[in-house]
Each structure stands twice: as C-alpha cells, then as structure tokens.
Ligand SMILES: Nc1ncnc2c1ncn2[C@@H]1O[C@H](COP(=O)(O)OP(=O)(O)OP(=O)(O)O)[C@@H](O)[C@H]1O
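Here you get one chain, nothing else, as structure tokens; it is the form predicted on its own.
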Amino acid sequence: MESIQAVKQRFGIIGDDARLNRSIEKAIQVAPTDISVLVTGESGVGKESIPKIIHSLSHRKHGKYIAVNCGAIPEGTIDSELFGHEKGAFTGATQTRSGYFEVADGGTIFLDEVGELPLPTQVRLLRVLENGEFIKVGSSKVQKSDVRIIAATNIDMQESIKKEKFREDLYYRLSTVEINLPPLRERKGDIHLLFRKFASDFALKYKMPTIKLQDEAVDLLQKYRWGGNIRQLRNIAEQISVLEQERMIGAERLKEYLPNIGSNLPAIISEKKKESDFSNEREILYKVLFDMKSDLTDLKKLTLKLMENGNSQEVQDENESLIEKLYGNDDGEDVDSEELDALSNENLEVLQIPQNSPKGENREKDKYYFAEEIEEEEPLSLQDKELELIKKSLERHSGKRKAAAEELGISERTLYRKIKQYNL
C-alpha cells in the first residue's frame, strides 16, 4: 500500500493538514475494494483528485475511468448519456449509442455533482448499484455492467433528501464510504504553500520571475475566507503573476485582488434573510385580506340600512364615518344623497346573487336572494317601491328596457330579471 506522501507527490496534492491527510488515507484504504464512495466538500476543494487516487490504486486501474459532470448534461439527454439509447428511441436518435455504463464496463465512473441528477435518472442509477443492471433508452433488453461508481457533491445531501430532490435509498448506496475534503479556510497552514506552488508554476508558464509575498500579505492571505477555495486561490495567483510588475507583493496590493475583503459572513445569512422577508410579506398580505373582509361586511350592512330606510338623512348622519371609510372623502366634503342613491342602486345588483339549495332542492332559476348577512326576504315596502319605480320607468320609455335600466341605475340584465320576478 502506497504512503500518503507518495500519493500526494504522484497526484500533485499540496498540503499537510490533518483532515486532508485523513481523507487521502481513507481513499487509499478503500481503493482495493469495489464499494461505492461519496466525496463531499465545497466547490473548488479538489474533490476530483480522490476518484483518480481510488481508481489508480484499485484492481480496475487498467479499465476505463470516465468522469461525468451530472450538472452539465441537460435533463432530457442524461439518461441517454449514461445508459445509451436505441436507434429511433427519440427525435435525433439516428443510430444506436452506447452509454457510459456500457463503455466503462470493468472500470470506474466518477459522477461529479451527483446531487443534480433528476429523480427518474436516480431510479435507474439505484438499479445499477443494486444489481449492475441497466436498460438503454428505447430498449426492453436488460444489460449488465461491472462498474465501480464514485460520486461527488458540494450540496447538503440531507437537506436535499428532506426537500425530496434526492432519493434517500440512493444516498445510502452511494455513501457506503464518505470522504469529506475540508475547505481551504480550515487549512490555514496550507494556504501559503499552495500559493507558492501556483506562483512557481505560472512563473515557468509565462517565463517571468516568481512573485513573492511580504509577511503582512501572507497573514492577510491566511485570514481571508476563500469562498472559492483552491480554485479561487489559483486564479488570484495567476492574476498577480501576469499583472504585477513588482514581484514582491505587499498586503495593500494583495487586497486589490481579494473580493469582499471585509466580509466574512457565511452565505446562509442571506438565506435566512430571504425566509424572514417572505414571512413579513405573508403577514402583511394576511392583514390586507382581513381588512378587506371587514370593509366588505361594513359595506353590506350600510347598504342594507340605506335600502330599508330609503337613503334617509338620518342613516347618513349615523354612519358618516363609515361612509367616508368605504367610499372615500378626500376633500372633506359630505357625500350627498344623490351619490348614495347611485351607490345603493349599483349595490343592488352586487348583493343579489343566486341562492342554490344545499340539499339539492329545485328552485326557480330566475329567483334571487340577498347575501347571507341580509334577511332572505325583502321588506314588503321595498318591493312595492321597487315595483312602482320599474313600472313608471318602463311607461316613460315605452317599454324600452335599455333606457329604463339607465334611468334606474341598474344593468339591463338586472332589469330583465326584475321584470320576470314581478311578472310585468
């Protein structure tokens, strides 16, 4: 069995952090077996190195090693990429194609960003893990494949399972052994080593002197959060190597290359803020709805009073504040009786709705009743007055319903219903 140091040299891994060493040790120990491995860690920590170590130290090292970025393949074609397809299986399938599981038979498949797999593909993958069987898209023939699967993800799999975006049974089949790589900010002793290695590589690549950091700059480098981890560190080392004329870099100059240098807040804070904002918006919406319901109840009560008392001045005086609340009174002027007459006429049609029997009893289709807050039967005096107004209006306009409806302040359809109701 190779030593940790020998593996580091072979695969170009820089650092002497205890957690990093433990991860490499686990990879060396699990390599001779065929069990599935799940590599976890933030984006940019170098998860792709672990599958290569496992494959190269396993008995499958002479077989194919295929790395698949699950997040980069469209959902509609990922099944075809992984398991292959038959000719004519879908539009554009002009010939039979072998998938990665067929091509890598006897080797290793590395599924990077496995948490991005769609649920139907997860079901197919689970079957491969359980019994090594798969079916091509558009085929009914079961095929066998002897493939070792190593997966990697940078998302919280337990959270994804709770949200039903990832199958729990598949997670436990993939994570027989889980190897976690620590983020760069937790490997402070390795940060300067990595920077020096990158600076040396870029000096050779671009044929220029190697850049170096002053003590203050080294201290700043180690205190920085490194959200992008090793990938971000490498990118900054390359920028400085190319852009800076002076090869000794101080802290002030280094700050120019470190984004958000004053912020060390984790990204989860923004998620909590989003949840809090949503909760506040929901409370405001509930309050608006309750206020609207209250206003509607007041409107119905006021309209009923106006109809029962013939829009008397007494009703207007008693409900002055309510009238201003419901209908507005921006200029501070009293609402006159003509406006209330028009409003009450409009509300006649709003408040009269069909009443369907809850027990299924048959009622006359054209008979209408007031809403539940209002008494079911209209007062007799109101019916008589309404009947008299309708008759007079029809007489004045020679039976023309449209003209009569305009004069009464109601729709022609409502007038037609009233004519039928009173058998005019």
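Note that the rigid core is defined as the largest set of C-alphas that superpose within 1.5 Å between two forms. Numbering starts at 1 and runs along the sequence shown. Here the structure is a predicted model, which is why all the values come from computation and not from measurement.
Below: the form predicted together with the ligand, not depicted.
Q: Tell me, which of 231, 247, 162, 188 has a heavy atom within 4.5 angstroms of the ligand in the predicted complex?
A: Here the answer is residue option 231.
Q: From the list 105, 238, 81, 113, which entry has a heavy atom within 4.5 Å of the ligand in the predicted complex?
A: It is 113 that has a heavy atom within 4.5 Å of the partner.
Q: Name the stretch: of 209 to 217, 131 to 139, 223 to 231, 73 to 81, exactly one has residues whose heavy atoms fall within 4.5 Å of the ligand in the predicted complex.
A: Selected stretch: 223 to 231.
Q: Is residue 46 near the ligand? Define near as a heavy atom within 4.5 Å, in the predicted complex.
A: Contact check for residue 46: yes, within 4.5 Å of the ligand in the predicted complex.
Q: Heavy atom to heavy atom, is residue 409 within 4.5 Å of the ligand in the predicted complex?
A: Contact with the ligand, no.
Q: Can residue 194 be called a contact residue for the ligand in the predicted complex at 4.5 Å between heavy atoms?
A: Residue 194 belongs to the contact set for the ligand.
Q: Report whether the minimum heavy atom distance between residue 386 and the ligand in the predicted complex is within 4.5 Å.
A: Looking in the predicted complex, residue contacts with the ligand do not include residue 386, since no heavy atom lies within 4.5 Å.
Q: Would you give me the residues of 9 to 24 that have any heavy atom within 4.5 Å of the ligand in the predicted complex, in order from first to last?
A: Counting only heavy atoms within 4.5 Å of the ligand in the predicted complex, the contacting residues of 9 to 24 are 12, 13, 14.
Q: Would you tell me if residue 419 moves between the shown form and the other one by 2 Å or more at its C-alpha, with the rigid core held superposed?
A: After core superposition, the displacement of the residue 419 C-alpha between the shown form and the other one reaches the 2 Å mark, so yes.
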